[in-house]
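Just one chain follows, in the form predicted on its own, and it is written as structure tokens.
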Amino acid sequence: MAITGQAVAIATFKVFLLTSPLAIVVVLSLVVGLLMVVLFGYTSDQKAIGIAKDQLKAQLLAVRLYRDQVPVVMDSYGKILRGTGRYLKLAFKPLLYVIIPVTLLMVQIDRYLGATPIPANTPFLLTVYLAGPSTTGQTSGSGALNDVTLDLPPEIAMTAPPVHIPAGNEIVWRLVGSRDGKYEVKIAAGGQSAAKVVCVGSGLVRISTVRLRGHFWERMFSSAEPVLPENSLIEFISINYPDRNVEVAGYGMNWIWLFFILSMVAGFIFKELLGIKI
């Protein structure tokens, strides 16, 4: 019985780690904090950084000790500026090795923790923006808006007529999902069809709030779906997913802020434990 209870407790803990946004952010912050410090230590000139920091401390101490001697203080300030430049030069390359992979990791994690699926039987908005004729060679405007059609799966229903916004080349549909799951809605415009994934339910699933045509850098950071064809009349398709807040002591915050704070704290702790100069 004791072994069974222990196995149940371990299984429950594993499920908690995999499904709790707070637990995921805490564990991820600790791991990333450690990796940042170790990577910085391996890619930086630790001896040169130590010398640069010691020289800065010496000049700061000189400012305090000789504050009544203006020439000495001004000379120390000049050395502090030059020393700061040397330190930044030594730290720049290692910081690049740290920041780039961490940024790419955060982009991927944000697919899961940045927004929540749409609860079943809760209305949501799907917006389609049509590109101008100068970028596609096709006709745009109110006529093109009227020709756009929406094909829905049985689990998703339209709850109101579409709203056409000619000034912005936009069409907005109000929809509702009746059952948890991932569904594909299809939009036809200009003789072409494009699909957008809709996530209905709860829990941690990979969510893409928008699907884009072009906009490479924006797609890198905000879209997890294939790019729309370059000759498509549709510029983007978006869904207003609810933002996810991680609860900490009854206070909700975006996971990125919590991750940033915890990973910095973890980094400073591991820096001291491992004796790495930053």
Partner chain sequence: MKGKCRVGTKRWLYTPFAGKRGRAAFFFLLLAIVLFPTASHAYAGPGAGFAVLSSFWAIFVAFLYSFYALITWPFRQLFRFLRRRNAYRKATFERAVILGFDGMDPDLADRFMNEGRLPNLAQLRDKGTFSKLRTTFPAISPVAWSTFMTGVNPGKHNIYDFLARNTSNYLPFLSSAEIKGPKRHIKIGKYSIPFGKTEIKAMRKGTPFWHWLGNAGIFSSVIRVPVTFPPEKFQGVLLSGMCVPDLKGSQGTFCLCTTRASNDKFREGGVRVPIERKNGVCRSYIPGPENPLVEKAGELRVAFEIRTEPGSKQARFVFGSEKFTLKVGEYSEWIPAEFKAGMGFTAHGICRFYLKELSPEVEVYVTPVNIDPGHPDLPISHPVTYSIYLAKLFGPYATLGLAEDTWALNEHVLDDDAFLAQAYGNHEDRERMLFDALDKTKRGLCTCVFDTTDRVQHMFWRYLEEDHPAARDVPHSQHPRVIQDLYERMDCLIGRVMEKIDDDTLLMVISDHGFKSFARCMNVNAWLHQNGYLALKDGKTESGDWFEDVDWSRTRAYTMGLNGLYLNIKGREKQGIVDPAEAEVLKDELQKKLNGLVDPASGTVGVTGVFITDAFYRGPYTENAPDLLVGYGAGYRASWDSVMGKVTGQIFEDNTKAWSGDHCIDPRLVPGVLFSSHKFVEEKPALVDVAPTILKVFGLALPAHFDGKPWTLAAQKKFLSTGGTDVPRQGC
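Residue numbers count along the first chain shown, from 1. In this text, all values refer to a predicted model and were calculated from it rather than measured experimentally. What we label the rigid core is the largest C-alpha set whose atoms superpose within 1.5 Å from one form to the other.
The same protein also has a form predicted together with the partner chain, omitted here; what follows describes it.
Contact with the partner chain in the predicted bound form, defined as a heavy atom within 4.5 Å, holds for exactly one of Y112, F124, Y183, Y129, namely Y129. This chain is displayed alone, yet in the predicted bound form one of V102, A188, L204, M158 has a heavy atom within 4.5 Å of the partner chain; that residue is V102.
Contact annotation: G267 falls within 4.5 Å of the partner chain in the predicted bound form, judged by heavy atom distances. A residue is said to contact a partner when one of its heavy atoms sits within 4.5 Å of a partner heavy atom; W217 meets this definition for the partner chain in the predicted bound form.
For Y42, no non-hydrogen atom is located within 4.5 Å of the partner chain in the predicted bound form, even though that partner is not displayed. Although the partner is absent here, N254 lies within 4.5 Å of the partner chain in the predicted bound form, judged by heavy atoms. Residue heavy atoms within 4.5 Å of the partner chain in the predicted bound form occur in exactly one stretch of 80-88, 189-197, 174-182, 144-152, and that stretch is 80-88. Using a 4.5 Å heavy atom cutoff, V63, V72 and I278 all lie near the partner chain in the predicted bound form.
Of all the residues from 235-260, those having a non-hydrogen atom no more than 4.5 Å from the partner chain in the predicted bound form are E235, F236, S238, D243, N254, I256, W257, F259, F260. After superposing the rigid core, the C-alpha of A167 moves by less than 2 Å between this form and the one not shown. Annotation for S193: C-alpha shift under 2 angstroms between this form and the one not shown, rigid core superposed.
In this overlay on the rigid core, G83 has a C-alpha that sits 2 Å or more away from its partner position between this form and the one not shown.
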